[in-house]
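There is one chain below, alone, in structure tokens, taken in the form predicted alone.
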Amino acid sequence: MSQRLRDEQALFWRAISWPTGVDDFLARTDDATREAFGRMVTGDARLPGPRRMTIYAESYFYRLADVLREQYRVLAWIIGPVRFHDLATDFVWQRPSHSPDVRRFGEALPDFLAGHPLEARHPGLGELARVERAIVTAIDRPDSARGPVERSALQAVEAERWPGLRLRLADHVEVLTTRRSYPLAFAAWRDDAPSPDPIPPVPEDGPFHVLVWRTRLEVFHRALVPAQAAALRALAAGRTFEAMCDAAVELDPSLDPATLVRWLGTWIDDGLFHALEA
């Protein structure tokens, strides 16, 4: 690639990614850059050069805004189209894309939202965004070479060895805590309910817990009761089956062994574990 082409590509990028538009970019830059821009982008009376470049800049913005809307569909629903457009505008101009993989563009949105005025006015939105990011990235997490743990592997372990069992969660499994219920918001979005206006306050019956996981090429999520979340987090920390039970019972003393074993069976059927160590 020639130096001239590299320079033109760099100038093209600066122009289309300028936060306040191509005209403002040209107004603020130096004479040499304006001259280089004029040589690179020709125009006529019907469509001047800056306007031609603005078409590219707007296409750049709307494509990335569409990516964000696809990846953060529940967030977009709960805050409404106008607020989401404004959030996407802030994000696109402050965090321009640096990867050829457009799916990676929105990975910083949860952190960005955590420091955004929208989160300050409506706490808990960033946590919903983290759930949606987990859903997007679950498909990219590698499968275990050994495959998921089956029920038969658990049934083959003698009863006296169960307390010391260690079940390792697969890389695609995440347990997240939110102040707003993601599954409830997802259900409303899926049913085409209108976006709430104003944005609802943080529910008083939280916090909420949600499990995200993948089975083959399909990603799922499910609400968890606090004891289930505590149990899965104990396993994620490398603790034993006995410690998992203790963590769950600490939050819900009414739990019985049959319930805990039933939970474990459901999680095995879902493919949450990639290794069993007895």
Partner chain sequence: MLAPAMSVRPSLGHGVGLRLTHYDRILAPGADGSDGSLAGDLGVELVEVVTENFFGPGGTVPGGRPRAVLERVRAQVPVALHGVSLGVGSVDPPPEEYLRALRTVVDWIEPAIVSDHLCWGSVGGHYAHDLLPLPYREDAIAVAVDNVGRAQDALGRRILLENVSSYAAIGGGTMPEWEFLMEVARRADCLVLLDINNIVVNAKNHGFDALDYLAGVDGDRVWQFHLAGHTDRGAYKFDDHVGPVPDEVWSLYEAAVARFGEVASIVEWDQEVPPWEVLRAQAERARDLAAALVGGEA
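Positions refer to the first chain, counted from 1. Basically, rigid core = biggest C-alpha set you can superpose within 1.5 Å across the two forms. Everything numeric in this text was worked out from a predicted model, so none of it was measured.
Beyond what is shown, the protein has a form predicted together with its partner chain; the following relates to that form.
Using a 4.5 Å heavy atom cutoff, 16, 39 and 96 all lie near its partner chain in the model of the complex. In the model of the complex, no heavy atom of residue 32 sits within 4.5 Å of its partner chain.
Under a 4.5 angstroms non-hydrogen atom cutoff, its partner chain in the model of the complex has residue 139 among its neighbouring residues. In the model of the complex, residue 55 approaches its partner chain with a heavy atom inside 4.5 Å. When its partner chain is considered in the model of the complex, residue 103 lines it closely, a heavy atom lying within 4.5 Å. The partner is not drawn, yet in the model of the complex one stretch among 233 to 241, 23 to 31, 63 to 71, 205 to 213 has residues with heavy atoms inside 4.5 Å of its partner chain: 63 to 71. A displacement of 2 angstroms or greater separates the C-alpha positions of residue 98 between this form and the one not shown, with the rigid core held in common. With the core held fixed, residue 14 shows a CA shift of 2 Å or greater between this form and the one not shown.
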